[in-house]
Structures are given as structure tokens and as C-alpha cells.
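Single chain ahead, by itself, as C-alpha cells, in the form predicted on its own.
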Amino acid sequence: MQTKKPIGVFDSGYGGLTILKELQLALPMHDFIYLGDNARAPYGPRSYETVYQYTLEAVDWLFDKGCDLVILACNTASAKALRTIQQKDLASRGSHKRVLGVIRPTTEVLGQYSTSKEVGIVGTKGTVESESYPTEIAKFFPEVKVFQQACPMWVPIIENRVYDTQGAQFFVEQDLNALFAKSGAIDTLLLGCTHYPLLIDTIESLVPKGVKVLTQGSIVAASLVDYLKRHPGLDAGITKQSDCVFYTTDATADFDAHAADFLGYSVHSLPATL
């Protein structure tokens, strides 16, 4: 029997499921393992060192499960931990192993969507304070101006499943007003947190007319398809039986209930200890 060699997908909680959903659509034959570190979520307010340590533990756990390729489907982990893991830790784990994030694939194309060359980013406090998006966008689109807004209430709203309430709309409107007060020329808004697509209807109803609202899932999925084409040896090692297994570091029943909101189908997760 062939040993499973899936693609690992990691997030601090549920948000990475919006990435996984698009990865499954783009790579329907590939096997996946999803790991949510729900017991220690959210990562957004945590220090660089803590996010790095937690993320490395999750990456090593996925490596032990047979994943040679791990996607950090979390903007905070991508902003605070990815570079250190790639530069410091991967060499000792095996030269064939890869860890990729969600920020670089997004910034490689973001400027193409803007006519005014002014874009807005909404994200967690950790992602915004890392300055990862302005730094990466400047490499590919130096002419683009980036305006950011931290939205600390959005993830708790989503994880508590109250995103269709007046209270949720109040906080979303407050943060969007703060962002667009920084520039009226913003014509493209990136949801720089993988949770935020669950708020997209509210967001689109509140942004100024004509503003494009972008989510990361399809962008990251297209980038991964291209990456695997350019690394056929890595792709050949991934098992392809259309299988996906879900793990959480917290209560499985709670994870399953939330996951259905993000994925649109039911899952039965397994417990994980990091």
C-alpha cells in the first residue's frame, strides 16, 4: 500500500479552510491534510517569537504526517514565521521539504487589479504591524500605494459565528470607514486574513462603489498549481487519491460545526497534539 504523501495546509484556526477549499478545486486529485491550531488561536495578537514557535511546531507535525509540502494558509503565520522557517529550519528537516505562505502569491498579482494604484489591506493586528504586505508589494509594484487597517474584532466575530448580525456590521463598517478615510482613491481592497471571506457580503455592501474586493483563495490556488508545474519532482511525490483529513488541536465537534460554514460541506475531524 502506498504511503500517504499529502499536501499539508495549516492555519491557526478555521480561516485556512477558505484556502483549502480553493486548493481542492484547483487540484482535485491531490491529497490534503488540514491542521487547525484552534486551541491556541487567534495568532494575530501574539508576538513574533510565539507565532514562529507555534507555526514551526505545526509544520513539524505535518512533516511527520508525510507532508513534504506545507502551505501556511494563515496571513499571521506567513507574516511572522515563514521567512525564519524557510531560512533557519528547513535545511535540517530535509532539502526536499517546502513551506509556502499566502502573502507572496497575493502580492505578486495584487497591483494588476488596481487602476488608481492605491490599494487597501485589511488584516489582523499582527499582519498589519509586520508590514509584510507593503514590503512585498513594493518589490513587484513599486508605484502602488498601500493603506492598511487592522481589524481586531473580525476574527472573533467569525469564530463566534455572529458574522450576520448588526454588531458584526458595526465593527466592519467602523474599520472600513477608517481605512477609506486614509485615501479616497483606493480602488482595490484585499482581505488579508483567510477568515474574512465569510464577511464578504457585508464588506461589499459597505465599501465605496466601484471598489474591487479580493479574497486570497483562488489567487493562492493558481499560484500553487504553477509552482507544482515548475517543480514536477515535488508534485510527483504527492499522493493523488482525492483524500483530505482534518485535524484540530481543540474540540473536534466544535471544529466540525465551524468547518461546515467555511467549506460548505460536513467534515469529521481528528484530534491533534502539538
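Start at 1 and count along the sequence shown; that's the residue number. As the structure is a computational prediction, the values presented were derived from the model and not from experiment.
Beyond the structure shown, there is the form predicted in complex with a small molecule, which is absent from this document and is the topic of what follows.
Undergrad: Pick the stretch from 86 to 94, 189 to 197, 137 to 145, 166 to 174 whose residues have a heavy atom within 4.5 Å of the small molecule in the predicted complex.
TA: Of the options given, it is 189 to 197.
Undergrad: Please tell me whether any heavy atom belonging to Gly36 falls inside 4.5 Å of a heavy atom of the small molecule, as the geometry stands in the predicted complex.
TA: Contact check for Gly36: no, nothing within 4.5 Å of the small molecule in the predicted complex.
Undergrad: Considering non-hydrogen atoms and a 4.5 Å limit, does the small molecule approach Gly217 in the predicted complex?
TA: Gly217 lies outside the contact set for the small molecule.
Undergrad: So in the predicted complex, is the small molecule close enough to Thr124 to count as touching (4.5 Å, heavy atoms)?
TA: Yes - in the predicted complex, heavy atoms of Thr124 and the small molecule come within 4.5 Å of each other.
Undergrad: Check Val99 for me: does it contact the small molecule in the predicted complex (non-hydrogen atoms, 4.5 angstroms)?
TA: Close contact is absent here: in the predicted complex, Val99 is far from the small molecule, nothing within 4.5 Å, heavy atoms only.
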